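Next up: a single chain in structure tokens, the form predicted on its own.
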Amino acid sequence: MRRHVTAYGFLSLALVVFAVFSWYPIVRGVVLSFQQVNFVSDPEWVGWENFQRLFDDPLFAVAWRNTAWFTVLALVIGFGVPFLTAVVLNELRHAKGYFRLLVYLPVMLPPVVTALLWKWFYDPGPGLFNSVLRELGLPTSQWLDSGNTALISIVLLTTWANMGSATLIYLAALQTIPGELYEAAELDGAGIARKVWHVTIPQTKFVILMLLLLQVVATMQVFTEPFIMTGGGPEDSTVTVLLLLYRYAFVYNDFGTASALSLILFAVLGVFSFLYLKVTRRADA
């Protein structure tokens, strides 16, 4: 009985912590989304007006389009590169630890430092990339100063900064594949590409699907990089949903509309989180 009391005591403490720091902010955010709030005067219940204000804002559609495009580009570039890097690292016979450390190093840099570093790389004047292009006699680019290249430039940065974690997870999954499968494939005359297609991908499909869903959830919440590197410009080409939410809350001082936007984003991310739970439960069954 005493042991049960101790267990219930720890459980109650955990529930209190979750209620205060996780559940209460969610409930409070839902209430705020139906109020006019500036934290100076008393809140006023306005019903669906905050949502209507969002739908009337032209920047609302722009932010969702930029976020969706950023997610697609991040999946095309940032999803395949870590997998291919893991396959190459798994085939190495020498200096494995050195190359794994080299791939993981960018993850250890704070996101703000990484963004400032790459902002200098992209500088159209003395920046690293244009300096290299000039040395090679190639045309330079405006990178972050052009609406055509700003978003893809941020995608390249986030891919470089985050690929280390995904690469190590893929590498761990690759090392669980029985070597007999590769030996059988080699006896059948399979090359590297066919071994990857017929052995590696089927054996790691659960990890690939899991990381795909997690990456969608993470990339749809991108904020730090566009906030520091472009501020949403040029011509709103890098305004994301979270950046628009920040503007409503801390630039326009309209916390009610910001909460309404966060509630919409919460619902969208909830769909992908539900899919993630379905996938992981199916794997555990």
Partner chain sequence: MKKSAAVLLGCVLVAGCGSGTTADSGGKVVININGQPPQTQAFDRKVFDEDVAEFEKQNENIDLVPHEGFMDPKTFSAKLAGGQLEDVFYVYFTDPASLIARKQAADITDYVKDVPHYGDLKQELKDVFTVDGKVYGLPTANYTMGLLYSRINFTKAGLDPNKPPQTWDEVRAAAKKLKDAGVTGFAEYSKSNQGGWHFTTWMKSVGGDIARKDGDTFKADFNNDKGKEVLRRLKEMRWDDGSMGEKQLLEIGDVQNMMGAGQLGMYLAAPDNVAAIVNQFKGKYDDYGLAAIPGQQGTLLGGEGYMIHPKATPEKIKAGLKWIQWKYLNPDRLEGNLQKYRDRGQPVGLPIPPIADIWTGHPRKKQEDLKAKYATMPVENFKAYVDGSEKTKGSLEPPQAQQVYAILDNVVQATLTNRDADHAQLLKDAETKVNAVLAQVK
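Numbering follows the first chain given and starts at 1. Small disclaimer: the values here were computed from a predicted structure and weren't measured.
Although it is not shown, the form predicted in complex with its partner chain is what the next lines describe.
Asker: By the heavy atom within 4.5 Å rule, which residue out of Q203, Q142, N90, S131 makes contact with its partner chain in the predicted bound form?
Answerer: Exactly one residue meets the criterion: Q142.
Asker: Considering non-hydrogen atoms and a 4.5 Å limit, which listed residue (F60, F51, F227, W69) is close to its partner chain in the predicted bound form?
Answerer: Among F60, F51, F227, W69, a heavy atom within 4.5 Å of its partner chain in the predicted bound form occurs only for F227.
Asker: Is F34 close enough to touch its partner chain in the predicted bound form, meaning at least one heavy atom pair within 4.5 Å?
Answerer: Heavy-atom contact with its partner chain at 4.5 Å: absent for F34.
Asker: Test of understanding: in the predicted bound form, would F266 fall inside 4.5 Å of its partner chain by heavy atoms?
Answerer: So F266 counts as contacting its partner chain.
Asker: Report yes if any heavy atom of Y246 sits within 4.5 Å of a heavy atom of its partner chain in the predicted bound form; otherwise report no.
Answerer: Y246 belongs to the contact set for its partner chain.
Asker: Test of understanding: in the predicted bound form, would G47 fall inside 4.5 Å of its partner chain by heavy atoms?
Answerer: It does not: once its partner chain is placed as it appears in the predicted bound form, G47 has no heavy atom within 4.5 Å of it.
Asker: For the interface check, one of 78 to 86, 185 to 193, 143 to 151, 203 to 211 should have non-hydrogen atoms within 4.5 Å of its partner chain in the predicted bound form; which one?
Answerer: Checking each option against the 4.5 Å cut-off leaves 143 to 151.
Asker: If you apply a 4.5 angstroms heavy atom cut-off, which residues in 161 to 198 are near its partner chain in the predicted bound form?
Answerer: Read in sequence order, no residue approaches its partner chain (within 4.5 Å, in the predicted bound form).
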